[in-house]
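Below you'll find only one chain, the form predicted alone, shown as structure tokens.
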Amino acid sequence: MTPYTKEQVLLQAENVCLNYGDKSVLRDINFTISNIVRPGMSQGQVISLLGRSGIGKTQLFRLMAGLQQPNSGKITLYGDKEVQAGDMGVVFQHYYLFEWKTIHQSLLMATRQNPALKGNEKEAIEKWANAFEITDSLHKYPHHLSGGQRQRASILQQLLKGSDFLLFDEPFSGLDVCVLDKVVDMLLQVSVSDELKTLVIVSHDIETSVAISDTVFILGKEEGKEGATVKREIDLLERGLAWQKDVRREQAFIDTLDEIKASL
């Protein structure tokens, strides 16, 4: 097993509750995402949030993005800053892009929000567009792109803004096998771009999500209690299932999938 330590707290939810009128949607949500440090390796955190349809994943996604406020409790970054809209890069399922701008124009606008890229905007766009295989699409408008190209451009737009946190809503939905493999590789490239880069994936695709994650949180309901909560946390590092290219072949991976499905 690769040695590692968990250090700085990056993202934390404490006693988060969300109600719609008298109906409890989320109840006592608690989790902590910490910086994982490996000797000689710079790699961020990849977290999956899994649960049945309608359980409240989208609502928790919106709370983490700062797009909605909980009725009680709080979500904080780095231990003390309560999350607000704009603190995280958000990639929605429908891959929002500025329809009136070319992809290059949108990406350039993103780089200008990232102080670390000042003076190197063009080079950053060229580097990542090549890595994401959309160089030939830079001067096109979004409506001229395929779904896969739109997705890659949308992810790149958020990456170039420079946020340490990227939230993905169903990033694997509706993709064929070839495109899915490209998206997985792309997300892994994003995760190794910086040690503090934190990817949070909300998805129905359990196998793909678990294959690229280091931690899984399972959202569900407890018997006799209203509202969903984090029922389980599965540390894939402890199981030796993180950072392995061919992890899907491991019996422990297959057993973990069965365990997760039984918990949903």
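In this text the structure is predicted, and so the values were computed from the model without any measurement. The numbering used is simple: start at 1 and walk along the sequence shown.
Same protein, other form: the form predicted in complex with a small molecule, not shown, and the subject of what follows.
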{"property": "Contact residue in the predicted bound form, chosen from 229, 69, 35, 59 - any heavy atom within 4.5 Å of the small molecule", "result": "59"}
{"property": "Candidate stretches 19 to 27, 252 to 260, 239 to 247, 6 to 14 - the one whose heavy atoms come within 4.5 Å of the small molecule in the predicted bound form", "result": "19 to 27"}
{"property": "Non-hydrogen atom contact residue 225 with the small molecule in the predicted bound form at 4.5 angstroms", "result": "no"}
{"property": "Contact of residue 234 with the small molecule in the predicted bound form (heavy atom, 4.5 Å)", "result": "no"}
{"property": "Contact flag, residue 206 vs the small molecule in the predicted bound form, heavy atom cut 4.5 Å", "result": "no"}
{"property": "Any non-hydrogen atom of residue 39 within 4.5 angstroms of the small molecule in the predicted bound form", "result": "no"}
